[in-house]
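Here's a solo chain for you in structure tokens, the form predicted alone.
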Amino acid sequence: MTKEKNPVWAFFASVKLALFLLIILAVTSVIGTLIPQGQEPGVYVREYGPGLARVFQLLQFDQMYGSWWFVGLLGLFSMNLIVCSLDRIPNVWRLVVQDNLDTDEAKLARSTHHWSQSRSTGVMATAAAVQEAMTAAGWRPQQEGAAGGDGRLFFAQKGRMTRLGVYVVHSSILIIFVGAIIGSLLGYKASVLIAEGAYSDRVFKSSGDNAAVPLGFQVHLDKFTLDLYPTGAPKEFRSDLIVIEDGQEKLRKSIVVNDPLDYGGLTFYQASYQGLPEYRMQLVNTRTGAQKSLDLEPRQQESWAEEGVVVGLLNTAGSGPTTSNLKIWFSDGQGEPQTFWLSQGGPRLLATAKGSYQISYVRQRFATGLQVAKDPGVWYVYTGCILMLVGIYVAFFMSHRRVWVLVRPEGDGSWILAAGNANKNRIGFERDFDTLVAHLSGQDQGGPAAANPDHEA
């Protein structure tokens, strides 16, 4: 049984199957985009009602991209691409490598694009002029004796490898699928919360039992910066991270949303933050210049023993995880203690019986929330995407263009027949062919050719 007669092969080689799968994948992808993925069941019940939530669960619309039927569609589409390519590439390759000088001359006169002209010069002189004209028109002609041995046949082509552009696209899709499979099998998503000044040498998987995954290095949060709008809503949050491995600083980067840190095959994304009930205050003796950093927590006090100063944090006020005001208790052992509200950031001057102190700043400490992704297949995906762009450009914007010029003896002179074709972009090829004809006819007439009635556009 030949390959073409095998019904299984014919099924997978079908272009109709490819179109059907593309439409199904496009529609289901839209559904997967509109329906939030990976949420708790209660979210779907609350958003869509118990009936639709049940349907989503049965059809796995809540985990669609990992569902057996969606993976099955991708597998079927991959098989379709492979079989289509294997089925068609042999014929395409024959067109790429075929000997175009072994061409039936009768077909040249029937080409959509053809042109002819009689010359007063002999065959050899006309052949030399034809070669010069084709070269001047941007072609690299090959030649051999025409059938019958009484003439010359020239052939030139451009873009023969562009016939493979569509198979580059096929390959790119398969490479992207391979990258996705590698990422799914060998990669993971995790998260970690790191307080300012703290280190973490592990992350915790976002799925399953939230198992801890050792990093093999440490991530240190050197500083966290939170910018707010006048309304108090977060404008931007930034984490200054340091990667430390074997006791050496390997990388330092300030990350924000959509500008992650990459190290050791892992990508750390800025995802969230959490305000801590801890505040750092900088206190300065304005007379001596002495200064001290104090770490305060609510309803606790810290001492500056050398100055006899005691500072306590009585209360805080703010919205959400951020604190905007702090109620401070201050005493330097002389006179009555001072109690006041202080806006975060300071400063504030405190006059006492023995001098004055300035709170140069006070700021809340934060912990940064990082999402961590390990995806060893991502470079396959990037490579596939680049190949896809190249393949699409070649497949849709380039073409295989071929021209032949036959020189035959005619009486005491000679006769020229030029013909050509392109597998795509016929309008663009028509311009190329007109340029070739202009050079061929211009040589005989000493200037650009007039429109030739034999040239059929």
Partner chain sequence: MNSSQLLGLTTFIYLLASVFYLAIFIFRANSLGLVASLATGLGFLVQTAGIILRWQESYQMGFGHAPLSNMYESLVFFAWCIAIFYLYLEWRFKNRIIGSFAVPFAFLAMALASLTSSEIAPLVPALQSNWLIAHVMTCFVGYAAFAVACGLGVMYLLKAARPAKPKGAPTGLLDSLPDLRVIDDVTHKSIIFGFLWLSAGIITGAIWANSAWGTYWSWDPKETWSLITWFVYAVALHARFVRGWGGKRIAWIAIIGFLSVVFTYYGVNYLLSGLHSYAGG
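Numbering follows the first chain given and starts at 1. Everything numeric here is computed off the predicted structure, so don't read it as measured data. If you superpose the two forms and keep the largest set of C-alpha atoms that fall within 1.5 Å, you have the rigid core.
What comes next is about the form predicted together with its partner chain, which is not displayed.
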105, 240, 245, 236 - the one with a heavy atom within 4.5 Å of its partner chain in the predicted bound form: 236
Just give me the single entry in 358, 371, 274, 225 that has a non-hydrogen atom within 4.5 angstroms of its partner chain in the predicted bound form. 371
4.5 Å heavy atom contact, residue 280 to its partner chain in the predicted bound form: no
Mark residue 259 yes when one of its heavy atoms lies within 4.5 Å of a heavy atom of its partner chain in the predicted bound form, and no otherwise. yes
Hey, in the predicted bound form, is residue 382 touching its partner chain, heavy atoms inside 4.5 Å? yes
Though only this chain appears here, would residue 29 touch its partner chain in the predicted bound form if you measure heavy atom gaps against 4.5 Å? yes
Counting only non-hydrogen atoms and a 4.5 Å threshold, tell me whether 156, 161 and 402 all contact its partner chain in the predicted bound form. no
So which of 210 to 218, 226 to 234, 309 to 317, 95 to 103 is the stretch with heavy atoms within 4.5 Å of its partner chain in the predicted bound form? 226 to 234
Using a 4.5 Å heavy atom cutoff, which residues in 174 to 193 contact its partner chain in the predicted bound form? It's fine if the answer is none. 179, 180, 189
Core-superposed comparison between the shown form and the other one, residue 229 Cα displacement 2 Å or beyond: yes
Cα displacement of residue 35 between the shown form and the other one reaching 2 Å, rigid core superposed: yes
On a rigid core superposition, would residue 393 pass a 2 Å threshold for CA movement between the shown form and the other one? no
